[in-house]
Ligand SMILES: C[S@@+](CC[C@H](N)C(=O)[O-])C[C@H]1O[C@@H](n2cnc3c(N)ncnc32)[C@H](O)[C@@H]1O
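Given next, in structure tokens, is a single chain: the form predicted on its own.
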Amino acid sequence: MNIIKAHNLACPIDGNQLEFHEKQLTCENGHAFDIARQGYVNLLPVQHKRSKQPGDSKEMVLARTQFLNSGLYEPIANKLADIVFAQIKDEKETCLMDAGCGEGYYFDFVFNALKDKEGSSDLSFIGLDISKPAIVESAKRNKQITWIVGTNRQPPVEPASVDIILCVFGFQSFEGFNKILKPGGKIILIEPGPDHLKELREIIYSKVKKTEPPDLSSAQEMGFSIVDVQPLQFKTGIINNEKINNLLLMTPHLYRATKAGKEAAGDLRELDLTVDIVFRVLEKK
């Protein structure tokens, strides 16, 4: 498959198409956005922010980078790449976007899996995250992916120009996704299953609830249909204290756990964890 540069970015101020001009992206109304030396572009206007520094902090991004680079979650990345490949049609051009790409591990993995596949499709890749530290880290992984700071609620991408959206443990905005997806476009959701990290949760919480993946009725009311559901379960094997702390720091459990729970997790020398994931594919009618 052939890799091409994404050409469907939109100005976050007026929605007009953005074009590359040397070290900037500009629209016809003169709005200009500098391409950072690391290779990403910030398309998150101040008026779209809900806090001064939205998204993951540098500390969380570093923890996630170290944990994912260890390869413990590679089975998730492998299955994701297979599911993405199954959704690609033999068309002239396919645009993929990772909505909430974090530090870029999964999207870079998918990119490398697809680029070596046989096929005549031209593929473009857009990695989007609201966290600037996350996008800075993403840009270090892969210079052929277009990395942008932006929000899933108002993605700075032209309407009906994306074929496949990935949302890996991310914030879902079906209204924002619906706007930029082509008719027949797909959303691939990766979410925790009921037993995900149950051994860690049993340590940091006094009572552990088995939570099912989020309800998708709002997406279905919007016109999306669920076309595939695939579970994935595996054990990490024994992981050490450093990996346990990185895992805690990179998940929402950091904010939900009590002080005593976090201290108990921090004192662990080792742990064998259950990974329980659900992949769901939605199609836009």
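Model, not experiment: these values are computed from the prediction. The numbering used is simple: start at 1 and walk along the sequence shown.
Although not depicted, the form predicted together with the ligand is the subject of the following passage.
Engineer: Note which of Ser131, Ser161, Asn142, Asn178 lies within 4.5 Å of the ligand in the model of the complex, where distance is taken over heavy atoms; exactly one does.
Structural biologist: Checked against the cut-off, the match is Ser131.
Engineer: Within 4.5 Å, heavy atoms only, one stretch in 84-92, 102-110, 180-188, 208-216 touches the ligand in the model of the complex. Which?
Structural biologist: One stretch meets the cut-off, namely 102-110.
Engineer: Let me test this: is every residue among Gly55, Arg64 and Val168 within 4.5 Å of the ligand in the model of the complex, going by heavy atom positions?
Structural biologist: Checking in the model of the complex: Gly55, Arg64 and Val168 are all within 4.5 Å of the ligand.
Engineer: Under a 4.5 Å heavy atom criterion, is Asn152 part of the interface with the ligand in the model of the complex?
Structural biologist: It does: once the ligand is placed as it appears in the model of the complex, Asn152 has a heavy atom within 4.5 Å of it.
Engineer: Find out whether any non-hydrogen atom of Val41 is located within 4.5 angstroms of the ligand in the model of the complex, and reply yes or no.
Structural biologist: Taking the distances in the model of the complex, the answer for Val41 is no, it never comes within 4.5 Å of the ligand.
Engineer: Any of the heavy atoms of Leu68 lying within 4.5 Å of the ligand in the model of the complex?
Structural biologist: Contact with the ligand, yes.
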